[in-house]
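In structure tokens, the next block holds one chain alone, the form predicted on its own.
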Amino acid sequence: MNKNNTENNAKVNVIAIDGPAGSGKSTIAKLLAKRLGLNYIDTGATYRAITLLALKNNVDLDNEKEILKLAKDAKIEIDSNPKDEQSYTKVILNGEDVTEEIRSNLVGSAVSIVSKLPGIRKFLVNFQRSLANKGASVLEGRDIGTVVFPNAVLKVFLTAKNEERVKRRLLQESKKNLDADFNKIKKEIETRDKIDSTRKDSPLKIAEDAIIIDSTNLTIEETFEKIKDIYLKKINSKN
């Protein structure tokens, strides 16, 4: 699985899961990785890490040149083997565990600004591909099937109705003892949706050959089984 595979017709052993905030991407991706023995790559965590880096260094969030310089000098480590699908991905930034810090409201409100910068997206796409070079992987984000791995063996666009997405995020934050407010989360998700779908570089969109799964009325297990069955059929058909 190398960089050239993303530029020709060769399929790579990657499950690409895209979708809007609160659709269940992280939970399902971790579950797939854990049960199928795949590496798990939380692309959103990489953008949050770079955003935190910019905030810690008091860099203007629109200053692509300075943020890119910080990113290139930084060391980001992502735990690719999640033990608990309900927990955040462990992230080490320059030797410091920032797992909880990158999930703060401050980073959450700033990450959409940083993630719009073309130079940052290009840098992190290459970084994410390098992580997947370690073996068969499941990646979740917003441009995995369209940009990061357009030749993924399986592309899934996971979605759910807005109210359900808000409820899920509310439950997730409540379990982690974070300040959770329905209307606040609803506004955050709506804002993120708008930014993600309208940005010029790598907008959130459904890949032409992606399988769309609406998980509104599905349990986590039902969603997992559906994706697992499709993946195994695709892998077996290659052999």
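Computed from a predicted structure; not experimentally measured. Residues carry their position along the shown sequence, with the first being 1.
In what follows, reference is made to the form predicted in complex with a small molecule, a form of this protein that is not presented.
With the small molecule omitted here, the record of contacts in the predicted complex names 195-203 of 62-70, 195-203, 30-38, 209-217, defined by a heavy atom within 4.5 Å.
Taking Ser112, Thr99, Ser80, Thr159 one by one, only a single residue has any non-hydrogen atom within 4.5 Å of the small molecule in the predicted complex, and it is Ser112. When the small molecule is considered in the predicted complex, only one residue from Arg103, Arg129, Lys167, Lys90 comes within 4.5 Å through any heavy atom, namely Arg103. Heavy atoms of Val138 never reach within 4.5 Å of the small molecule in the predicted complex, leaving it off the interface. The closest non-hydrogen atom of Lys155 lies beyond 4.5 Å of the small molecule in the predicted complex.
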